[in-house]
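There is one chain below, alone, in structure tokens, taken in the form predicted alone.
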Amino acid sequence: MPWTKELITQTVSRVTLPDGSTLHNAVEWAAVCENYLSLKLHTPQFTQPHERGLAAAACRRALDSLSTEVGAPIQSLIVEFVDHLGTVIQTVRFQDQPTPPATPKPTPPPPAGHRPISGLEHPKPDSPPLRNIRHVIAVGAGKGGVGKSTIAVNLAVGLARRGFAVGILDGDIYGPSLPTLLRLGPLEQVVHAGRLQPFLVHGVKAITLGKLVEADRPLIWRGPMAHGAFKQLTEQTEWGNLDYLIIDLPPGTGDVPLTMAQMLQLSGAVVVCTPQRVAQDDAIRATRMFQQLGIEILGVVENMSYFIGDDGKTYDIFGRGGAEQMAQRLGVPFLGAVPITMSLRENGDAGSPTANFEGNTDLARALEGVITQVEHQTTLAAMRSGNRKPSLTIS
């Protein structure tokens, strides 16, 4: 009988500690590869590191007792203790030890910049997140480098210029772009009454993890930590009443989109893609992810569709129209094409997105067209879905 996740979970759930407490229902997650075992435990009853260490040691003894029946000794056991947000608060490792010590030494705390946001009050259990927001729109992409954050920022600013109350949440936990695109560098993050106060810039309320950690520090986080950070930014920000909240997602199909789908009732998702085939392949995966999560696709934006030089000539650098053809194949709306211009790059680097809408330029007309389409598709999606909440099915 080999080691399995079910066997590990059942064994640990039956563990009884010297004080009479048990680990019943404490297992959040289990994994096994050959004789290397991993566990995640949620044990709010243990508040001290040595208590969690004793629990980890008891898990090791219980699993060791099955080694003969399984037919292989445990080569390694990692026990991670997580809080209610899924954030790892202590890790205990056992390596090639037939009899673990009574109080294994916990690993040191993660370096500065890897801790969850402190000083915030926990949301009330009966208080749904983002309850005062009419429309929540996710902006995603299958791969990085397609200008997803640029589209998200300009979408938020453009809606605000039309008189809507708009917020933008920088959900790109590992590579937040809002500090640059909205020029948040000189501003200080404020926490009032236990809640994050968003910045008000260019008529938009903005919040980003990039203002809560050192600017040059990489976020070397596992999935549960990214999950916890996204929950804090979403639930513990004082958004107030909004017509639209734009969520700038990280590229790909990882933890943050899954967390978002489980937590929030979304109006829909906007997928950003560049014209070339390699970007389309990844954008199709992102589209399928949203559809599998029950999130309606508002449409596809073709970014970097063409280049407008200083001479006014148009150059189809990446093969204009590829994303539009992809949208047609998938049967989803095409929201418009946004060109590459010198001003778009300059305004992005300067943190001045409002300037993209000034004057009767090709860029301004393209952005306004995309925003109009997003408005229309959001209204249609709301009429179709009512108050239906996205559901996640794992098979």
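Residue positions are given as counts along the sequence shown, with the first one as 1. Note that the coordinates shown come from a computational prediction; the quantities given were computed from them, not determined experimentally.
One more form of this protein should be noted, the form predicted in complex with a small molecule, which is absent from this view; the next part is about it.
Which of 69-77, 293-301, 138-146, 193-201 sits within 4.5 Å of the small molecule in the predicted complex, heavy atom basis: It is 138-146 that comes within 4.5 Å of the partner.
Of the residues A55, I340, A26, A30, which one places a heavy atom within 4.5 Å of the small molecule in the predicted complex? Only one option qualifies, and that one is I340.
Looking at L39, C59, L344, L335, which has any heavy atom no more than 4.5 Å from the small molecule in the predicted complex? It is L344.
So, in the predicted complex, is Q90 in contact with the small molecule at a 4.5 angstroms heavy atom limit? Residue-level check for Q90: no, no contact with the small molecule.
Does at least one non-hydrogen atom of S177 fall within 4.5 angstroms of the small molecule in the predicted complex? Yes, S177 sits close enough to the small molecule in the predicted complex that at least one of its heavy atoms falls within 4.5 Å.
Closest heavy atom of Q232 to the small molecule in the predicted complex, within 4.5 Å or not? Q232: no, not in contact with the small molecule in the predicted complex.
Taking the small molecule as it sits in the predicted complex, is T150 near enough to touch it, meaning that at least one heavy atom pair lies within 4.5 angstroms? Yes, T150 lies within 4.5 Å of the small molecule in the predicted complex.
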